[in-house]
Structure formats: C-alpha cells, structure tokens
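First, one chain by itself in structure tokens, the form predicted on its own.
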Amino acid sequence: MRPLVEMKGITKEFTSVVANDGVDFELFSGEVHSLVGENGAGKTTLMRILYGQYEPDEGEILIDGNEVRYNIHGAIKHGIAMVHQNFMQVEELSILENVILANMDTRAGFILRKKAETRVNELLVRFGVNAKPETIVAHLSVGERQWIEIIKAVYVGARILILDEPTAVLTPQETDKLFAIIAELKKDGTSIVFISHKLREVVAISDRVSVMRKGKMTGTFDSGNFTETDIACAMIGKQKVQLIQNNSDFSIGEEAVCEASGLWYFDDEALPVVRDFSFSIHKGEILGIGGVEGNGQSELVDLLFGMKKPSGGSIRFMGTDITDASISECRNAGIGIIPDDRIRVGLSIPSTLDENLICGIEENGKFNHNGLLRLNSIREYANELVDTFDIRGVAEDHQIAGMSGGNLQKIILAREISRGPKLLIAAQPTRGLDIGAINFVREQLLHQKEMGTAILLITADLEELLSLSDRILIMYEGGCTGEVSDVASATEGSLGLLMGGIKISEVGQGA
C-alpha cells in the first residue's frame, strides 16, 4: 500500500543551524504515527513543513503519490490540519466564530451562518463538549478548548491531523477521552501525527513511532515492537535511560519554611481565582501542587513571589509575615523561582547570558563598583555557572536567543540555585524538555532537597508529580480538592478525580 504522505530528503536550515537534514517520513491512511525526539531534534520543523508553514530548502513532499508545494492555505486544501500546543484561538469570539474564522462558507458574499452553526453543534455533541456554538471561548476550560481545536480540524475536512503535545493540559480522564476520539477518527480514515514527550502515551496509542535526533531520522518502530525504554534510548542515543525519581524518605518534623493561610485572590473582573487556599512546606520537602492548568496555580505562584497581592489571607516565610512583600523583598528573604514561562518571564532573551545570570544581584559588590559593572568578575562568575550546570550553545557574543529550551532552562536553574534559596518555587520546570534535560532538572531539584531547600513543585505532569513529590495538593477552581500524603500508593487515576473537581479529603490507593 502506498503512503498517503511521503516526505523525501527534507532539509531545512535556519541561519547555519540545520534543523532537518535529509529527513524521510511516511504517513499511511488511517494510522497514528508518533514523532518523538529531544528538544531541537527537528520534529516540529518537519511538521511545520508538512503543514505548509515552512518551505523546505531541499527535498519533496508527495500526497497521494503526487509531488506538491503549498503554504498553510494550500495545506488546508490538501486536508492537512495542525493542532498547536498553544491554542490558535481568539478568546473574545464564540466557538462558532473561531471554527469558521478562516474557513467561511459564503454565498453571494454572505456567510452561511446557520449551516455552519448546525455543523459546529453536531461536532460539539459528537466530541462531548458541553457548550453551544455561541459560547465565548474565554469561558471554556482548557480541556474544552483543546476539543475546539480538534473540531476546527474536522470541520474543514482534515484527513491528515497533526497533534502537537495534545495531552499537556488534560486530566487522565480527558486524555482517555482524547484517545477515544483519535480511535474514532482513525476509523473514518483520518491519519494522525502525534507529537508527545509522554512516552507511555506514545506506546499506548501509536501504530508506528519515528524517532528524530539532531535533525536526522534515526529509526521507525512498528506497532508491538517497542517499549518506552526503546524509544527513550533511541531519542538520546544511549542504551539505558530512565526518568529520575525521588527515592529519599521525608517525614514532617522541621518548622515550616513557608505557610499560606486562607489565601484569596480576585481577578480584574472580581472573580475568585484563588479560593481559601492553605498549605505549609517544610525544610527538605518537595510539596507538589497539581491540577489542570488554569485553576489558580499561576496566580498562587504570583502571590508567593510578590508579583500579586492577596485579596485575603496571609503568607509567612521563616516566621515572618511577607503577605505584602515586594518581589525584591521575597528574593532577599531567600525565595527563588523557576517560572512556568521561561521565555516571557524567566529570561530576558535580548540580553546576554551574563546579564541574565546576575539579574537581581547586579549591585552586589562582587559585580559592581561605584555604579560600574565589573565585567571581568561577571564573566568569570558566568563561566563557573556554565561549567557547573552544563549550559551549552552559548554564542560567541554571549547572546542566548538561539539556544534550545533545555539550555535556557539551565540558565534559570543556575541563576536561582546559585543564590542558595531556602524556598524554591518550581513551576512547570520540565515542560517541553526532552528526557535528557528533564533528568538534569530533576537531579538539580533533588540535590536541593538533600541540601534542605523546601521546593514547591507546580506541575500539570502527573508522572512528574508522583515521581518527585513528598506530598501533593490538587488545585481545582482555585481551591484544594484534596491532599495526598501517601504518594507511593496514589495513582494517576485518583489524582485525575481530584483534578476534575471531585473533592476527597485524603487519597490513598485511589480509584
């Protein structure tokens, strides 16, 4: 049987960086073909070429045996759609308007709105979305917005669907629902490219798995002939690899490093985003905060680090009230942060490596004399951190703009950990990283734990939550639906119930 899609010898270069180097890729009708690899391996570039977003420098694309060249609009005509990890939606518009925005069916210059509304409503019912076509997208949950992206693809008649990290924002139950939808689409003959770092999901759903490394295709596994370990080894070029876990014992005994009591936060529309949330975290403890994104986790981080002020409640750090403390006061007290958005919040991309590493301590006498920066001392300090944290890909002019996500995250780790925090807030610390970079981040967090640092781990990744946490709290609609103190006995299913708003005071082995 001839493949539906054939990509042959695809090469794409960006300013002397070869993202794809003579890559071959095939996709058959009605199959789920997963594409995995380290960050910077070239898989996203390859799929953007298939989607028409990039044009290859070399190589050819065949669809139904015919060589084609097209842009994004041409991709839609060929039945190719892509669901991006960052939703391509206009929040102020309705579901209907978002779905038909670039695909309006018109007659004599008028939009056939009633016809489109009927079709969109049919798809909402089919995919189990409890909303109407006129519902404003901003009012939907993160999981529901994911379905809308898939509905957009089905609406335009996509027969080739590219899913980029589609389960990153879903509960286990929502993930199961997505997999059921994928199975249904397969029956209809839809071909699916599934991009994911979650190897367990890749093994569970894939007919085939292709692995990319350093811009090249290193191999393809057929259904039933691969395991998570096989894929991980192929990704990083090693024989044995597994994710690092927290295997040290922890028992609460030390005085709390940080305590939050009855925290409330109301947004600009006077809606409660954080609701009566309380916790305590102790020296040498990793306290995990789980939940589907958008349930108050980001606001909680902002409250703890002085970026927002609570509407109610209090925060104490090392016995001192810091409820109204500023960012600099929180930093000086001994709080470090790995923010959930390394590009927008964690780093200044236009600045140099040295400037990012001394940010916040640039007035230290080691780096500053009478208002003048000690450039040699700063460079020496930066070199030490580059070596200690294995930061790679630094340009000759020390710019960081072209560095991979893993190395950008290492810069943040180096900056925050080098300052010896008493509390380290780690928000989505391994998001979008490959298995090698994930293990590096986990090693650093566990080392800090051993040094006695209290670590508040905020993550939507259930495997990470269960692997690293000593205790777990789950946030739902700004409040806490339950505490998991026996992490070893908890399951992703039991956490999924809490993440879905089913309030349980204590979860052991779970449902």
Partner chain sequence: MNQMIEKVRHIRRIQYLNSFNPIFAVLIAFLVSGLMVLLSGGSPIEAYIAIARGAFGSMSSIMSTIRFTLPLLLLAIAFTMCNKCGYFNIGQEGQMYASALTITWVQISFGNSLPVPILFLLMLVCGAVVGGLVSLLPAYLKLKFGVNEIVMGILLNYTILRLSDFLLQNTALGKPHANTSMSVFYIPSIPTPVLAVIACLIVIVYAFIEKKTIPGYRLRMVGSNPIFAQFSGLNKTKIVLVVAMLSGVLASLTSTGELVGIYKCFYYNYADGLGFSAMTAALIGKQSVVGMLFGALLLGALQSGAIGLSVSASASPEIVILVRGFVMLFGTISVLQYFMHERRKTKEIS
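Numbering follows the first chain given and starts at 1. Small disclaimer: the values here were computed from a predicted structure and weren't measured.
Omitted from view is the form predicted in complex with its partner chain, to which the following refers.
Among residues of the shown chain, Gly402 is one whose heavy atoms approach its partner chain to within 4.5 Å in the model of the complex.
None of the heavy atoms of Pro421 is located within 4.5 Å of its partner chain in the model of the complex.
Its partner chain in the model of the complex comes within 4.5 Å of no heavy atom belonging to Gly253. Looking at Glu355, you'd find a heavy atom of it within 4.5 angstroms of its partner chain in the model of the complex. Exactly one listed residue, out of Glu416, Asp434, Glu174, Glu299, brings a non-hydrogen atom to within 4.5 Å of its partner chain in the model of the complex: Glu416. A heavy atom within 4.5 Å of its partner chain in the model of the complex is found for one listed residue only; from Ile337, Ile438, Leu199, Ile162, this is Ile337. Note on the interface: of 190 to 198, 253 to 261, 373 to 381, 146 to 154, the segment with non-hydrogen atoms within 4.5 angstroms of its partner chain in the model of the complex is 373 to 381. Not one of Ala180, Ile205 and Gln444 places a heavy atom within 4.5 Å of its partner chain in the model of the complex. Contacts between 336 to 362 and its partner chain, taken as any heavy atom within 4.5 Å in the model of the complex, involve Ile337, Pro339, Ile343, Arg344, Val345, Gly346, Leu347, Ser348, Pro350, Ser351, Glu355, Asn356, Ile358, Cys359, Gly360, Glu362.
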